[in-house]
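Just the one chain here, laid out as structure tokens, in the form predicted on its own.
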Amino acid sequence: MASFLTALRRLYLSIYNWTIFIGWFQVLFLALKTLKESDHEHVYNAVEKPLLLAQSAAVLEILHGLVGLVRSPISSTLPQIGSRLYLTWGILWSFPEIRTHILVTSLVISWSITEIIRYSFFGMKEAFGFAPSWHLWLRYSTFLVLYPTGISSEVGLIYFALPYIKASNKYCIRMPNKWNFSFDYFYAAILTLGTYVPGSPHMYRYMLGQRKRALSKSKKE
């Protein structure tokens, strides 16, 4: 019974990882194709559907951690996915005015390259039980460049979206109301920006630690 459940788990995770890999590959392909044929202002419109689907599907990774399908700690998975979903739905989807900014292109390319490598790596591990050494190196080294470019793009897009957030009053709850509660999305966005100050260096150090452990382990093997 245990072996059957293990095989079922690996089959599910293989399908999941390769499916999301295809989604992110499509995002990167469409982004590069659009840059070649027109300019950065059209990148978001070209990648919107696969971007929304691929990034939203990452919610399942939180569930995978909660039920023990994977060993990734929720403490690192939740903030990463949460910030990605916030940018995808709370900024880009919610405020069309920001979609033509050049930082959308750097964001999409940074995210997609990172995820293409990550999902194909875990897809290989689940489907075949191993991944080539070069793939391991890419998995734990490309973030050295792509994490700073991705985070910088995220922070920049939230900052440049602030005037549109303030002017729109979207997602705000004003007093008086029956709940006796108010919420201002503009100030929530500023608070979110503030979390990047301690959060980004902490996450970067965490990934450096992961890299050191993963690469040293591969040398021993």
Partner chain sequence: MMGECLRLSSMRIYAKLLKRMKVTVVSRSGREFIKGGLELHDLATVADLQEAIHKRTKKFYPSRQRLTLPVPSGSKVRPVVLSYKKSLKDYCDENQNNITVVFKDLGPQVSYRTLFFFEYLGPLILYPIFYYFPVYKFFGYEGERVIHPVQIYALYYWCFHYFKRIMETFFVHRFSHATSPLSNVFRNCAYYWTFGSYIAYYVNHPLYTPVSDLQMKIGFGFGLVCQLANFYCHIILKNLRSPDGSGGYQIPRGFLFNIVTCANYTTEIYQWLGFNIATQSVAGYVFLVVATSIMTNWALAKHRHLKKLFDGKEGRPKYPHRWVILPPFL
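Source: prediction; values computed, not measured. Numbering follows the first chain given and starts at 1.
Beyond the structure shown, there is the form predicted in complex with the partner chain, which is absent from this document and is the topic of what follows.
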Partner-proximal stretch of 190-198, 33-41, 169-177, 46-54 relative to the partner chain in the predicted bound form, 4.5 angstroms, heavy atom: 169-177
Contact test in the predicted bound form: residue 159 vs the partner chain, heavy atoms, 4.5 Å: no
The partner chain contact in the predicted bound form: residue 181, any heavy atom under 4.5 Å: yes
